[in-house]
Every structure is written in structure tokens, then in C-alpha cells.
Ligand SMILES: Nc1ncnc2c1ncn2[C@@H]1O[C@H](COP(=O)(O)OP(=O)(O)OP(=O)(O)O)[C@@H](O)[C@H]1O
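The data below hold one chain only, encoded as C-alpha cells and taken in the form predicted alone.
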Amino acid sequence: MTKPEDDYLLHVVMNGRVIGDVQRTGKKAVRLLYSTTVPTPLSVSMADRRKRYRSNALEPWLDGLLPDRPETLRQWRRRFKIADDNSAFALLRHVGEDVAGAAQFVRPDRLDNVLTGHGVLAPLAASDVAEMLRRAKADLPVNLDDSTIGKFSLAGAQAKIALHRADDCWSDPSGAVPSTHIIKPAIPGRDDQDLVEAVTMRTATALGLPTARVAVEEFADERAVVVTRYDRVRRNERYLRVHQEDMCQALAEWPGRRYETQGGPNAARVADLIRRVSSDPDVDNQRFAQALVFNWLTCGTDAHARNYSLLLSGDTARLAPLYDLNSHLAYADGTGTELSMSVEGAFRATAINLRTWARAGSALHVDADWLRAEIERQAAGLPAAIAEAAASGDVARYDSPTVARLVDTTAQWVKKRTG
């Protein structure tokens, strides 16, 4: 039986343990109180387990768990009958049990189920997944049943769904059972964007950058990129959640400020954070610099602060694998292209050169000579790596002119920038 005060409380659970409570203390006020023993904090911005964290720290972090699609949020509020409440807390009462990272936000009436490992896997046919993708693209609730609790929330502006995969069978998970994959249809208005993302991600992997695994798959009449979640690991025949947060969350910034041009974090600020909190800052600052170089060489125009993350375990923090990599060179030749994070104040890709990068080394906490060598290494390997990624069977089968243009334009662009 629920009590009135339960409407103002969410338990924070990580892999079967309550690590704290989020309490609503007013219409727009929330606070976090950790339990006595907390292996991993919610955020490096809320790392002191002895403190209570109030709205100024907690609200932006919670908001970062929700989609960046206003119509999706409106539809959720209608469905959950909270249309007059635009707080993240109100929505997480319904969609907080499967979000990015290890934390589950659990209503008191569902706590026993989650703590005892209870969860449901509802099997899905390919046509079911296709219908969920169509609903996601239309900003409609994707659930195929009438459930209003325990579903997923995924950050970002692109339509996507989260499902569980086991033995090549797809299921809709709930309760303690986590999703294992994120499935994303192509962005409307960009021809074969799903193929471009798969190629860009695999190119980064081929160049030695830690990157989430991807595949292109069809579900009835819907095609999508399938991303294996790096914040889920399999242990003893079951999946565990791994905690993570994006750089806006780690810096206590509202997700709406993800772009540097909107006042959000720039590369130097992210590099400073990595230097301060990483358990291996030299390696992670180099990995972050590698990602910045890659996004310049591929004209990855949406590599903002929310598209970089930290993995947290206890007091250990490491830069997470890359995700959401998309080259704009499939649609333009790079002229006039602007990046989400500037290099030494320059956003326009054509305004950035080797001298610009040399000046940026100290702000990124990497050696300038190492950075120059890394640019030369990536530039030398990029044309062959992207051609090989485009030749992957699940991409090549579509004989996409957009992908062919991506391969050709990348070779020309790299030669102009570093030749």
C-alpha cells in the first residue's frame, strides 16, 4: 500500500543496493541524501557521501537522464498524467528504472521487486521492434503495453529505444533487468544517416579509439543502428549496470548548455575535469585529445559535452568509450562546417590547422609533439579505415551513394587539412 509521502520519494538503487534517496522538498526543489555506505557516488560533482545535495547540484544531473526531445517529454507527461509538472523528478518516477549508468530511480512501492532482482523480459518479434521505432520517431510512447512504470529513458535528441538482447532474441525489459542495447533509426532528413554513424564509429575503432560497438540491422520494414551498451556488463549469466555520467552532469551543467556556443563546457574545461578526477589522467587526457582530433578530421559536428562521458566505479573515474560519432562529410565537403567544441577558440573546421593544435596542447594537458604525431597518425590511417568500414557487409549491402560520398570526401578533406 502506498503512502502519500511516497509521491515525494525515489530510492536510488545500484545493482541491488540502495545508495541513497532523492526527496522532493518543494514544487521545484529536490535533495539527495546518500546511505551510510555508498560504493559509487551518482556523480563526481556530488562525490562527498557525507553531504546532502540540493537542487542546484541535483536537478541538472537528473534532467540529463531525460531525452532532449520536447515532444517526447510532452507525450510522457500526458501518458503519466503529470502534464502540469515539468520536473525531471516527476518523470523519473515512471521512466527512471532504466537510464544511462547504473543508478535506478525506484518508487517505494516497487523497491522490493528491484532489490530482489525481479524483472520481466517481454519477448518481441521484429515487427514489434519496428513498431517501437516508428513510435519513437513520431514522439509517441513506445510501450506496446499499458504499463506506466519501470520503462527506459535515454538522453539525446535522436529517437531511440532501449531493449534487452539474449541469444539473438529481443525483449522489452523492466524492473531489475537492464537493457543491453540502444537501437536508433536514421535521423530524418539525412540520407542513410544510420549507415554514416555505423561507418564513423567503426572508423574510430579501426584507428585505435575506444568506441562502442555498432551494427546495422533491419526489423521488419525499419532499419536502425544497434549499439551495444558499454554501461552494461555480463557477469555469471546476468547483466549488471555500470555507472556513467556525461560531461555536463559531471560538471553540474544543465543539459541544455551542452554546446560551447550556448555557454556550455569547452574542450579545456573537460580536459581540466579529466585531469582532476580520472584515475589515469595522462591516458584519459590523451584519449580525449584523440577524440577531438578525430571529430575534426571527420567533421563530427555534434561532438558536444554530452557526447563525452565518464565511467565511475567506487572512487575510480575513467573516460568512457566514444559514442554518437557522425561525420558530416557525407553531406558536405567541410567548407563552412563548424565543430561543437572549438580548438583554441576556432569553431570552423577550415580555420583549424596543425599550428592551432600545437597551441592547444597545454590546455588539453597533452604534449604538443605527441599531439602533432597523433594528428599525423590518424590522418594517414583515416582514408583506408573509413573505406574498410564502408565495406562492412551490413553497410555495403545497401550500396549507399551517401556512404560512397563520405569515403571520397573524407580522403579529400584529410589531404587538404594535413597534406
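On a predicted model such as this, the values are computed, not experimentally measured, just so you know. Numbering starts at 1 and runs along the sequence shown.
Below, we turn to the form predicted in complex with the named molecule, even though it does not appear here.
Asker: Just checking whether D324 would be counted as a contact of the named molecule in the predicted bound form - the rule being heavy atoms within 4.5 angstroms.
Answerer: Yes, D324 is a contact residue.
Asker: Contact between G156 and the named molecule in the predicted bound form at 4.5 Å, heavy atoms?
Answerer: Flag for G156 set to yes.
Asker: Answer for D231 alone: is it within 4.5 Å of the named molecule in the predicted bound form, judged on heavy atom distances?
Answerer: So D231 counts as contacting the named molecule.
Asker: My question is simply whether S174 lines the interface with the named molecule in the predicted bound form - judged by any non-hydrogen atom within 4.5 Å.
Answerer: No, S174 is distant from the partner.
Asker: Of the options K184, R287, R93, H243, which one has a non-hydrogen atom that comes within 4.5 Å of the named molecule in the predicted bound form?
Answerer: In short, K184.
Asker: Note which of D302, E131, E217, D272 lies within 4.5 Å of the named molecule in the predicted bound form, where distance is taken over heavy atoms; exactly one does.
Answerer: Contact residue from the list: D302.
Asker: Would you say all of K160, A212 and N307 touch the named molecule in the predicted bound form, counting a heavy atom within 4.5 Å as a touch?
Answerer: Looking in the predicted bound form, the three residues K160, A212 and N307 all sit within 4.5 Å of the named molecule (heavy atoms).
Asker: The chain here is shown without the named molecule. Which stretch in 222 to 230, 112 to 120, 260 to 268, 84 to 92 comes within 4.5 angstroms of it in the predicted bound form, by heavy atom distance?
Answerer: Selected range: 222 to 230.
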